[in-house]
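Only one chain is shown below, in structure tokens, and it's the form predicted on its own.
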Amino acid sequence: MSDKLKHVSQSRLINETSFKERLIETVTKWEFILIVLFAGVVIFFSNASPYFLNYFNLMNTTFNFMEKAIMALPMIFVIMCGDIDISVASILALSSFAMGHASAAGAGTPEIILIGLCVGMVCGIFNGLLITGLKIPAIAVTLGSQSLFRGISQAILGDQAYTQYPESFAYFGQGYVGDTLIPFELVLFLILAAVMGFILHKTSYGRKLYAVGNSATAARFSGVPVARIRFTNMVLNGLFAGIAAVLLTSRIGSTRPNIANGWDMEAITLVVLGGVSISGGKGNIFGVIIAIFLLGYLKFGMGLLNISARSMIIITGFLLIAAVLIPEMLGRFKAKRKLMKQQA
């Protein structure tokens, strides 16, 4: 065989090996697995129910999970740094209470929205100061503030509710963009997701988040302001909980002490299911967005088939366990392949 033919043969073998490696790398990514699961959900429920692929239904069902989706966006930053916030649903409840109180006192729509956002931010600042200023673990701080924030609204409202809001306020949680059937909430979520994705993947702040998550000590010695970043994450978490409070209160038109009860765990579930490591330092916003729509449309499809809420909880729990175990198993598989290649 001539040298030229040998060179061509070797190049072809290298290209085939390279293609095989890229293919394995792609199909073992958690985001790819989520896409396959999402496609499976769409195919299954579109065959199981004639109402699943209805455009109006697909758009309208996003109302049921957009507030949780918005709460999940800054939670990515929090968990990425190895922290956690289990008080976001209580922040939402307190923000909603403040909006209801302001509306009952005669405040207009702009004032109500501003109050909701400000209360959310103040709660986030409160959490952030305790975590970074007093160096108390985030889980301990937010466990306490979870009871504190919701307890305030429960103590004042009791069994009562605020139900009087301006007519124009209803648009934010019930309205559509222009003459389309696209919900305002969905558009707002996509805009916020694009902004948060840009920050995470295209800015120095995002790179610092990964650095803190991988090793806060090493990041600190490298000049990264770890405390400031963790504090900012908590403030963002509070602000986005305030945004979710505006949307949810607008959508249901009332404020009760038990509003959004349990949503903190659902927001965390969306982030972990999206591939963000609970120990920090790993993940991306694309996986979380897929997880949001996967879980949202999975629940919608199960609702169409009259599957019980208990079954939905079991399936969600199974997906969450899979989201923790599978990336870990894939990481070990890749490490083993890398070791075998080095030994070969």
Partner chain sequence: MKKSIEKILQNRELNLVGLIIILLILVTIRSPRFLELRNVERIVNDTAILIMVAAGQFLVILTGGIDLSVGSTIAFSGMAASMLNEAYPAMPVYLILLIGVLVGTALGAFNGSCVAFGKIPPIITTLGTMSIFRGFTFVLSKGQWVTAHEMTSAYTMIPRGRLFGIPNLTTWAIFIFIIMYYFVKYTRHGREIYAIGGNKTAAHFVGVSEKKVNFMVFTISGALCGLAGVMWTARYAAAVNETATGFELQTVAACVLGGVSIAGGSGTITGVLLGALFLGIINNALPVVNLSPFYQMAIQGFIVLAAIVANVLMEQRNEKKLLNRRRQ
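Positions refer to the first chain, counted from 1. Values in this document were obtained by computation on a predicted structure and should not be read as measured data.
Absent from the display: the form predicted together with its partner chain. The rest refers to it.
- Residue contact check for residue 148: one or more of its heavy atoms lie within 4.5 Å of its partner chain in the predicted complex.
- Among heavy atoms of residue 141, some come within 4.5 Å of its partner chain in the predicted complex.
- By the criterion of a heavy atom within 4.5 Å, residue 23 is excluded from the residues contacting its partner chain in the predicted complex.
- In the predicted complex, at least one heavy atom of residue 86 sits within 4.5 Å of a heavy atom of its partner chain.
- Residue in contact with its partner chain in the predicted complex (any heavy atom within 4.5 Å), chosen from 187, 130, 118, 170: 130.
- Exactly one listed residue, out of 104, 195, 265, 177, brings a non-hydrogen atom to within 4.5 Å of its partner chain in the predicted complex: 265.
- The candidate stretches are 179-187, 230-238, 154-162, 70-78, and the one lying within 4.5 Å of its partner chain in the predicted complex by heavy atoms is 154-162.
- Between this form and the other one, the CA-CA gap for residue 36 and residue 324 narrows by 3 Å or more, being smaller in the predicted complex.
- Relative to the shown form, the Cα atoms of residue 37 and residue 323 move together by 3 Å or more in the predicted complex.
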